[in-house]
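In the block that follows, a single chain appears as C-alpha cells, in the form predicted alone.
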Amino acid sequence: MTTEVTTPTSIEAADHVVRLRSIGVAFGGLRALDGIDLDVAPGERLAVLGPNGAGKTTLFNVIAGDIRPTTGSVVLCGRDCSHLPSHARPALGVARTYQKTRLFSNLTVEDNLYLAQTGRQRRHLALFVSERDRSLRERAREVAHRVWLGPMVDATVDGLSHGQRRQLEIGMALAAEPDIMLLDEPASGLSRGERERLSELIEALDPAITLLLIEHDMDVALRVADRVVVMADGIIIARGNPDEIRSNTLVHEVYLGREGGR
C-alpha cells in the first residue's frame, strides 16, 4: 500500500515544528511512554536526558515514525503524522541518527552522503549518470566538508575512526536537508577529545535546523542545548534551561543518582 504525503505547513508559519500530545506507547503490559506532551519551536536545540529505560529512544522512534504511538498525536510542521510510517518522514523534513551506526562500511564517505540524499528527494539508483546525479555528488562532497570530513571524502567507512563515523552520521542526516534533526546519543563511545570535537560540530550546525538530542553525557547535552527535558519511567519529570537542570534536585536524585554521576 502506498502512503500519500501531502505538502506540510511551512516551518515559518508553524508555532512549533514538533507538537506531541498525550503520547503513550505500550509494549504488552509495559508502558514505555505515558502521556507525553512536548512542543519544540523552530530552530530550537532541545536535549532529552534520563537514565537507561526512561523512554528517550522510544520518544525519538515515535517522532521518526519507527514506532506508532498507542495513544496521542504527533504533529510535525503543522501536519498530523501520528500514523505515517518512518519512510514517509524524510519527505516532511525529518532526519535522524541512531545509537548504533547505520553506515555502509564498504562504501566511501562520499557514497554514503550521496545515498543519504535519496530519502527526501525520492531518488532511485540508475544505470546512467545524469546531471542531477553529478549535482548530488557535488553536494555530498560539500556536506563532507561541513562535518569536517573533507580530507576523508574518498576514504571507505571501515577506515574511519569511531569519532569520524559519528561525524559522518550527522553528515548523512544533514545531506537530507532536514528541518528537524534527531540525534540519538551521538557522543556514545567517544573519547574526551572526540566528544569535544563533536560538541563543536553540533554547535556549528545551521541554526535554522530544529535539533532534538538524546545524550547520556550531560556535559555535551547541556553545552549544546537551549532547553532540556528530563525523563524517567516513561514520563517527563523536569523541564528547563541547562542552568535550571543542573541545579534541579529531582534530576540529581533520579538521573545522576542512577547513572553514577555521568
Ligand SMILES: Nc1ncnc2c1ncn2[C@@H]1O[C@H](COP(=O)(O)OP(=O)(O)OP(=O)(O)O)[C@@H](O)[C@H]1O
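Residue numbers here begin at 1 and follow the sequence given. Note that the coordinates shown come from a computational prediction; the quantities given were computed from them, not determined experimentally. Whichever C-alpha set is largest while still superposing within 1.5 Å between the two forms counts as the rigid core.
What comes next is about the form predicted in complex with this ligand, which does not appear here.
*Asks:* If you check in the predicted bound form, is His216 within 4.5 Å of this ligand, heavy atoms only?
*Replies:* So His216 counts as contacting this ligand.
*Asks:* Would you classify Pro51 as touching this ligand in the predicted bound form, given a 4.5 Å non-hydrogen atom cut-off?
*Replies:* Yes.
*Asks:* Tell me, yes or no, whether Ser191 is in contact with this ligand in the predicted bound form, where a contact means a heavy atom of each within 4.5 Å.
*Replies:* Outside the cut-off, so no.
*Asks:* Look up in the predicted bound form whether Pro69 has a non-hydrogen atom within 4.5 angstroms of this ligand, and give yes or no.
*Replies:* Output for Pro69 is no: heavy atoms all beyond 4.5 Å of this ligand.
*Asks:* Just to confirm, with a 4.5 Å cut-off on non-hydrogen atoms, which of Glu185, Asp111, Glu177, Glu169 contacts this ligand in the predicted bound form?
*Replies:* For this set of options, the contacting one is Glu185.
*Asks:* Within 4.5 Å, heavy atoms only, one stretch in 37-45, 198-206, 24-32, 221-229 touches this ligand in the predicted bound form. Which?
*Replies:* Selected range: 24-32.
*Asks:* Check each residue of 87-105 against this ligand in the predicted bound form and list those with a heavy atom within 4.5 Å, in sequence order.
*Replies:* Heavy-atom contacts to this ligand in the predicted bound form: only Gln99.
*Asks:* Taking the rigid core as the reference frame, is the Cα of Arg89 displaced by 2 Å or more between the shown form and the other one?
*Replies:* Where the cores coincide, Arg89 shows only a C-alpha shift between the shown form and the other one that is less than 2 Å.
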